[in-house]
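One chain is shown next in structure tokens, namely the form predicted on its own.
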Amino acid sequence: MADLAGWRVLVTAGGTREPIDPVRYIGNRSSGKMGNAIAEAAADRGAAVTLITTVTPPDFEGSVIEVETADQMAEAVWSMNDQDVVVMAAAVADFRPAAVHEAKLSRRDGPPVIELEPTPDILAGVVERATGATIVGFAAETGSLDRAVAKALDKGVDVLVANDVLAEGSGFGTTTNAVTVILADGSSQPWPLMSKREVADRLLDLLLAMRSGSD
């Protein structure tokens, strides 16, 4: 099946790592499996895929840009403004240490006080720059998905994929996911638990329908 032939698809995956010192960092538990599944599915369906990732990429027909921090991911994503679809599946840290220590912090010096500052809002930057692209955001929540609905409307994305990482089978590192897809008008579609590859293909089906003018 090559129903996405001619599409240029950008996917982000994994969790960013924001350094404290040369050894330690602030991060999250994202495995990158959802982003990898989307990149693989899009490539299998004929799209020209670029995967920007902090984790080991899958073996697929596409380009890979490896990054580590939110700044690096922002630079890589924002430099690619000619995409048809942008899927922001990575778990980007919201905050980073304001100062990075050049040497490893010592336990003998006691617990450090780490001042945090916001990281770049990559998704907002994509919405601003990627004119004409269909933009998909992801939101990992705990419990209620009310914040995800507000995020979808606030960010101006075409689709927001939200999941409760505390729900069985839907957390970080799992091979399955149960997501709620929120559209730009605030309407939502809860999808049942399925493999992440099945979620990826179903998401691509939705995007195909949207870009072909049907729903």
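One rule holds for the numbers: they count along the sequence shown, beginning at 1. Source: prediction; values computed, not measured.
Separately, the form predicted together with ligand C5P exists; it is not shown, and the next lines address it.
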Stretch in contact in the model of the complex with ligand C5P, which is absent here, among 149 to 157, 164 to 172, 25 to 33, 51 to 59 (heavy atoms within 4.5 Å): 149 to 157
Partner proximity in the model of the complex: L145 to ligand C5P, non-hydrogen atom cutoff 4.5 Å: no
4.5 Å heavy atom contact, P120 to ligand C5P in the model of the complex: yes
Any non-hydrogen atom of M88 within 4.5 angstroms of ligand C5P in the model of the complex: yes
Residue contact check: A139 to ligand C5P in the model of the complex, 4.5 Å heavy atom: yes
Residues of stretch 72 to 100 in contact with ligand C5P in the model of the complex (4.5 Å, non-hydrogen atom): M88, A90, V92, A93, D94
